[in-house]
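Just the one chain here, the form predicted on its own, laid out as structure tokens.
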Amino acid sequence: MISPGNLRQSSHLLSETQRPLLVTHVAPDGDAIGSLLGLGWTLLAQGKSPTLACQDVLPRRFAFLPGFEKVVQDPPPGPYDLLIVLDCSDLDRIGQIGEVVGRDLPLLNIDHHVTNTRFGTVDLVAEDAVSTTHLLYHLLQRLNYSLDERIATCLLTGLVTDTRGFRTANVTPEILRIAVELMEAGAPLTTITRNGLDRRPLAALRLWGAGLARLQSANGIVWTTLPVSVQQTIGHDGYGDAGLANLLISAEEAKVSVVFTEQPDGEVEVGFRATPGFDVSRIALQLGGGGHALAAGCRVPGPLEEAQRRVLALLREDLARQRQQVSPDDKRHPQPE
């Protein structure tokens, strides 16, 4: 899973740093937040002085996580001696924080996305990890860092949310054993599952209703659009599609689901989901994004109708190639959502 050489280099960077800046991606999810806070608490326990940052406001449903209120949107100018980027397939995913910090710091890139561009001074990237917190668990174990309730809660949050409650095809007995260990350290599975998977703002449910009303389907692709005007009418001011793409892929007819979310600046956020045996990371990477085989995304230029037409055309071509290459009894193990 983890390259011994990269592990040694990562260990050296973590042992030498005193004032690291930890950053995760825009529109943060449970794995991003859990990774950020879990490593933050670990470094604090080692006597370090980390600053934790994310360009976007963290979703309130994760307020139960210890240290939630310590994450800043605009980190102070430093000085810092190490930049640690968590759960990002490329450096642009941290948004404008990268421009503020500059690019002259040593950079530790910790991630599990198959499309990671290896942008770090040291790249601790394991594509077979189910979450970035899964990768951090092994890193902390090999470095002999002890788990406490705070760290365990953060790490289990990433495991639960990125596997959709241990339901993805890459969940192994090892993952369940890790979950048990984290629970024994004090991580509350029920609280994590309820807040990380089940709770969402009322505006998000209204957004789902609007998206379902515009639903279309053809040739195994189920898709919908969320214009800015619809989002404004509903009062949705959250991130992306509020999990709508995950809902659409549950349709029996769906091999791939796509949600096109128009942004105020005219660009369109595209969220892909796939059933096992299909890979949407390739089309996302082609369009400048990234992710996993079963869950990926990108941003493309608008207007919305043109973006939808162009992306669906590329997606149909790519899926046709995949159908020719993959037999129905394909036994590949897909990447996590």
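Just so we're on the same page, rigid core means the largest C-alpha set that superposes within 1.5 Å between forms. Residue indices: 1-based, along the sequence shown. Treat the numbers as computed from the prediction; the structure is a model and nothing was measured.
Note that the form predicted in complex with another copy of the chain isn't included here; everything after this is about it.
This chain is drawn without another copy of the chain; in the model of the complex, the residue among L105, V72, A251, V228 with a heavy atom within 4.5 Å of it is A251. Comment: another copy of the chain is not present in this chain, but in the model of the complex one of S146, T172, Q96, Q232 has a heavy atom within 4.5 Å of it, namely T172.
With respect to another copy of the chain in the model of the complex, the three residues L82, L91 and T261 uniformly fall beyond 4.5 angstroms at the level of their nearest heavy atom. When another copy of the chain is considered in the model of the complex, R194 lines it closely, a heavy atom lying within 4.5 Å. Contact annotation: G78 falls outside 4.5 Å of another copy of the chain in the model of the complex, judged by heavy atom distances.
Although the partner is absent here, G266 is not a contact residue: none of its heavy atoms lies within 4.5 angstroms of another copy of the chain in the model of the complex. A residue is said to contact a partner when one of its heavy atoms sits within 4.5 Å of a partner heavy atom; N109 fails this definition for another copy of the chain in the model of the complex, lying far away. In short, of 299-307, 57-65, 42-50, 283-291 it is 57-65 that has heavy atoms within 4.5 Å of another copy of the chain in the model of the complex. Residues from 164-202 that approach another copy of the chain in the model of the complex with a non-hydrogen atom closer than or equal to 4.5 Å are R164, G165, F166, R167, T168, A169, V171, T172, P173, L176, R177, A179, V180, M183, E184, P188, L189, T190, T191, T193, R194, L197, D198, R199, R200, P201, L202, in the order they occur in the chain. A movement of the C-alpha atom of P76 falling short of 2 angstroms is seen between the shown form and the other one when the two forms are aligned on their rigid core. Here Q216 counts as shifted, since its C-alpha moves by at least 2 Å between the shown form and the other one after the core is aligned.
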